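In the form predicted alone, a lone chain appears below as structure tokens.
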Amino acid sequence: MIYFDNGATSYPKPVNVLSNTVNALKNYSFNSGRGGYAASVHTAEKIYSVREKIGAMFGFEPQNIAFTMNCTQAVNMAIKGSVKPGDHVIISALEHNAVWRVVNHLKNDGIIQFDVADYSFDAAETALNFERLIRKNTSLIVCMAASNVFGVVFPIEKIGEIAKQHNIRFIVDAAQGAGVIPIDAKKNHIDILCAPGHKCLFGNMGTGFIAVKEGTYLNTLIDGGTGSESTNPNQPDFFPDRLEAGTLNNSGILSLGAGIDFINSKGMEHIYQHELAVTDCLFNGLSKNSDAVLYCPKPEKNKSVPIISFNYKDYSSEKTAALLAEHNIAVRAGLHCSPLAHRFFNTLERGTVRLCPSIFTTRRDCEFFLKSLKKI
């Protein structure tokens, strides 16, 4: 199979991720930090080492990183834990349903109001679009690092600077950016970062994290056992325990740590350059095909992640994907859980076909796809 659906989840997994998952199931299937016996203590140490790896990659203190089952859970925890009745929130025009549905739910419940900032291919204009919407009661700005549909990168440093100037909390959904493009919490003025483990970080499904800037308070979304302050009827007020109720996904967390090891061994820049190169090959081939419709300019470094959306002939996106599947090519079609993005790019009616290569994608894969496309 030629796999272009890495925007959904990365495949194949690096060899060290596979071996670490098996090793975790064999040797670290114990509740970390909730037993005085050696196996529990060693498990807690291994889990903490993953917090350290995440902290080093994104600029957070290890103890302020809590593990989640995916990025969607992390985003829910971040947004719902940050707002209070009467608050105003700003999101981008390309946000995933993991953000849009959350703020819409809060609005319908009468808790908040929210506005949507338009995207522009001009970074300064995009940032200004956010600033124009700020009100006296704006407490939160939520923005993705990069679009999961069209691959465009948001100027999170500029947006974060605006948020900081206005004393507004800044949440970044890094679902399509974490592990591909540099994200630095301090440089980008990020208060809360949410990311999945199973996409660009190469970990297993069922993994993710929320990273919180020192001194940031969050109300809880989930309460329960933490192994700490057990006589306290309230959830602990310190991280990560405040956000980690219940048993952790040890094997998944350790697979995430192995995925970060893989990125560090290859170099994030090297991975990004390779993925941009094969994306460039795909874009050039599609540009020469008169039956293909592209929606964004050619992907560029620092302006794009390795994602292309297109449509073919008068086919629905689902039909194109089904025909490609007959050639053993895996792509994603439809709305990609991002109707806001499709509405903005005028593709809401039929969606798009999304191509997401990875470090394991070759030029031969791209050439086979381009030749196969001409046959459908």
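This is a predicted model, so every value here is computed, not measured. Numbers follow the displayed sequence, beginning with 1.
Form predicted together with a further copy of the same chain: not shown, discussed below.
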Just one of 118 to 126, 293 to 301, 272 to 280, 245 to 253 has residues with a heavy atom within 4.5 Å of a further copy of the same chain in the predicted bound form, so point it out. 245 to 253
Please pick, from Val331, Ile308, Ile65, Val50, the one residue with any non-hydrogen atom lying within 4.5 angstroms of a further copy of the same chain in the predicted bound form. Val331
Among the candidates Leu221, Leu133, Ile168, Met268, the residue which, in the predicted bound form, approaches a further copy of the same chain to within 4.5 Å (heavy atoms): Leu221
Identify whether a further copy of the same chain in the predicted bound form is within 4.5 Å of every residue in the set Leu18, His105 and Cys337, based on non-hydrogen atoms. yes
Given that the partner is absent here, does Ala98 sit within 4.5 Å of a further copy of the same chain in the predicted bound form, heavy atoms only? yes
Does Asn204 reach a further copy of the same chain in the predicted bound form if we count a contact as any heavy atom within 4.5 Å? yes
Residue contact check: Phe345 to a further copy of the same chain in the predicted bound form, 4.5 Å heavy atom: no
Might Ala8 be said to contact a further copy of the same chain in the predicted bound form, defining contact as any heavy atom within 4.5 Å? yes
In sequence order, the residues of 227 to 259 that place a heavy atom within 4.5 Å of a further copy of the same chain in the predicted bound form are Gly227, Ser228, Glu229, Ser230, Thr231, Asn232, Pro233, Asn234, Gln235, Pro236, Ala245, Gly246, Thr247, Leu248, Asn249, Asn250
